[in-house]
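Below you'll find only one chain, the form predicted on its own, shown as structure tokens.
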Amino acid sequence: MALIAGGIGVPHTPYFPKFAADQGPDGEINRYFGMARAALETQAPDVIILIDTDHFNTFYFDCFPTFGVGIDDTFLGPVDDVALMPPRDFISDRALAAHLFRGLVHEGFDAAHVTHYQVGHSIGVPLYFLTPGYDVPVIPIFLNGHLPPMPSSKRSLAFGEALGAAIRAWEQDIRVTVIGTGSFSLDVAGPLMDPGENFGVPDLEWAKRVTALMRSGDVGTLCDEATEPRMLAAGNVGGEVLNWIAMLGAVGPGQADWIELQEIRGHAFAAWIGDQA
């Protein structure tokens, strides 16, 4: 049976590869991602499940599913022009992805069956920092955290729980890490941007609140408070917290092993310990 070795939470800002190169190895971005990478190396996964909200690279307004599973042997990305990261083929695990899809549907989650797909920076950037050798198979799980109506926080948590059950029901003895990616308070190219910037952090106090609740493992209160109006008030990508909530559903909603808030961007870096072998 598969074992969920742990969970990782990181942002996916498209400028971070360039910013990290400019800052050098001791810069804040490299330091935080280095902590997350060390946690991932300790978890030693055979497969990564990455829960993400697509930024109109895989889907568009004409078809934007609430939930989806990427099912293929490889996928191309990032296709949205990330500096220092040219598009490449990432390896995946078609058989495990198909198994996860079936498990989710059997538990009442009518996820999209996504094949022959491409991805953008929101998947590419985390992998750039966490798996620079690109040698661990990755299965993307898509969750709509941008376009209202979004799934509720409790529905996202239940989705993650169903995903975790499907992972653990896989017949092979493998280790899996589940990654949730995104911001808690961030407005990109929207009305809540900071003056002179192309982004803003409209509600830093909400980002602090989310971080504190994750640190203590109080996911029930987080789901109660993370309503759609609350998330949207925190910026036009504030719904990306749902990716983290789904990750916690899969791993198990315990206290974070560690979590660090990067206030200037309204997001955090974190790790959770999963199943014990």
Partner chain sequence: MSIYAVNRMCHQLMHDKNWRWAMQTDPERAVSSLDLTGEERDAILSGDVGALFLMGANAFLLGYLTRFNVLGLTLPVYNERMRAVLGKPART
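Note that the structure is a prediction, hence the values are computed from the model and not measured. Positions refer to the first chain, counted from 1.
Form predicted together with its partner chain: not shown, discussed below.
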Of 76, 147, 165, 204, which residue is found within 4.5 angstroms of its partner chain in the model of the complex when only non-hydrogen atoms are counted?
-> 147
Using the partner position in the model of the complex, report whether residue 192 sits within 4.5 Å of its partner chain, counting heavy atoms only.
-> yes
Using 4.5 Å between non-hydrogen atoms, is residue 175 touching its partner chain in the model of the complex?
-> no
Does any heavy atom of residue 197 come within 4.5 Å of a heavy atom of its partner chain in the model of the complex?
-> yes
Is there a heavy atom of residue 258 lying 4.5 Å or less from a heavy atom of its partner chain in the model of the complex?
-> no
Listed range touching its partner chain, judged in the model of the complex by heavy atoms within 4.5 Å, from 60-68, 246-254, 29-37, 205-213 = 60-68
All of 56, 115 and 121 within 4.5 Å of its partner chain in the model of the complex, heavy atom check = yes
